[in-house]
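Below you'll find only one chain, the form predicted on its own, shown as structure tokens.
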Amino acid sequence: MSAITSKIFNAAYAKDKFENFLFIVPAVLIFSIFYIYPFFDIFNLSLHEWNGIDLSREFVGLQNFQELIHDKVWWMSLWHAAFITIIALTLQNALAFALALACDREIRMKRFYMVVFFIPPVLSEVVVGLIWQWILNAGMQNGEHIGLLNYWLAKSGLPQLVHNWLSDPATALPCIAIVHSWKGFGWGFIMLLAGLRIIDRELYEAAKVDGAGSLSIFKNVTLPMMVPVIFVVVVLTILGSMQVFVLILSMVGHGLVYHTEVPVTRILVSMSETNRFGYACAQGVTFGVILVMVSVVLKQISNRMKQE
């Protein structure tokens, strides 16, 4: 009897396991078709020299990667992406956290602020880029500045501050970084606000009973409870900022200059202007490996913080 029961149990377990497997098959197929296969195909292309048109490809091995090591423009584009990421991690997330803390309290028109703060992220990057291109425009028409910022500076009696914001190497990248942070802070705001909402209010009440002040409560209650959410926001900020390019294309235009290049735009230039698809794939593989390494390092840091 026990043997029959065991067989029935094993059959039922196998059936449940097979049914559970069927649920994940569509996701596995989609992931394999659109992620795993393209990655291996791109890596295969990175080992060839190909103009994107001819059916024949010239196998060059690791030559594209060797050339990439000595490509100063490529490494400078990585630094530009890192600069934008640093600004986003500090300015964008600090602003998002501050606004989340403000909206977590009982303030007037809180729901209105929540909606307004989330408007920039849902706007198209092309639209945002074109609007800010107009704001920062340094052109003149009929003796008047076209750009809103320069027009306002001139009319406010500050003509010495009028500047060609998107063409000057000293200001172009910071302007792009600030616009990117302005557009993206809403995502961090929503996630951080959600994290603040799930903190048990009794912890705050207990801390106040013990005589803790606002700064002490923030340091010993809010921050430790928010570490997992902050980690997710930091990871998404890094991955999103490192891959920014639509905003740059919209603000600077197709005539990209050296001081606004980022990895994705370099890949586009390699494909569209030089027709070196193999080299572009080598850039893409290298950039993907860098992002994976950054994610792994951040994951290790998060695990250590949780253990402590």
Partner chain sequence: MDQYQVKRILKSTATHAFLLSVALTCLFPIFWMVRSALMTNETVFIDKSLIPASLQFGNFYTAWLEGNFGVYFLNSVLYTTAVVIGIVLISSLAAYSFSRLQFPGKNIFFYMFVAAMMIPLPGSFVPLYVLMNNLHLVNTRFGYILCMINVGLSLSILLLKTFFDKMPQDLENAARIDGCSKLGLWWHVALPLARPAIAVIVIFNSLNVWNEYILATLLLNDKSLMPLQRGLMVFQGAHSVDYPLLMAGLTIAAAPILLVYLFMQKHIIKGLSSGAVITLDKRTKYF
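What we label the rigid core is the largest C-alpha set whose atoms superpose within 1.5 Å from one form to the other. Residue numbers count along the first chain shown, from 1. Model, not experiment: these values are computed from the prediction.
The next section is about a form of this same protein that is not shown, the form predicted together with the partner chain.
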{"property": "The partner chain in the model of the complex: contacting segment from 152 to 160, 78 to 86, 99 to 107, 203 to 211, heavy atom within 4.5 Å", "result": "99 to 107"}
{"property": "Contact label in the model of the complex: residue 36 to the partner chain, heavy atom within 4.5 Å", "result": "yes"}
{"property": "Contact flag, residue 271 vs the partner chain in the model of the complex, heavy atom cut 4.5 Å", "result": "yes"}
{"property": "The partner chain contact in the model of the complex: residue 244, any heavy atom under 4.5 Å", "result": "no"}
{"property": "Proximity of residue 221 to the partner chain in the model of the complex, heavy atoms at 4.5 Å", "result": "no"}
{"property": "Answer option from 229, 217, 91, 175, heavy atom within 4.5 Å of the partner chain in the model of the complex", "result": "229"}
{"property": "Contact check for 122, 225 and 287 against the partner chain in the model of the complex, heavy atom at 4.5 Å", "result": "yes"}
{"property": "Those residues of 20 to 46 which, in the model of the complex, come within 4.5 Å of the partner chain by heavy atom", "result": "20, 21, 23, 24, 26, 27, 28, 30, 31, 33, 34, 35, 36, 37, 38, 39, 41, 42"}
{"property": "Is_shifted residue 36 between the shown form and the other one (CA, 2 Å cut-off, rigid core)", "result": "no"}
{"property": "Yes/no, residue 26 Cα shift of 2 Å or more between the shown form and the other one with rigid core fixed", "result": "yes"}
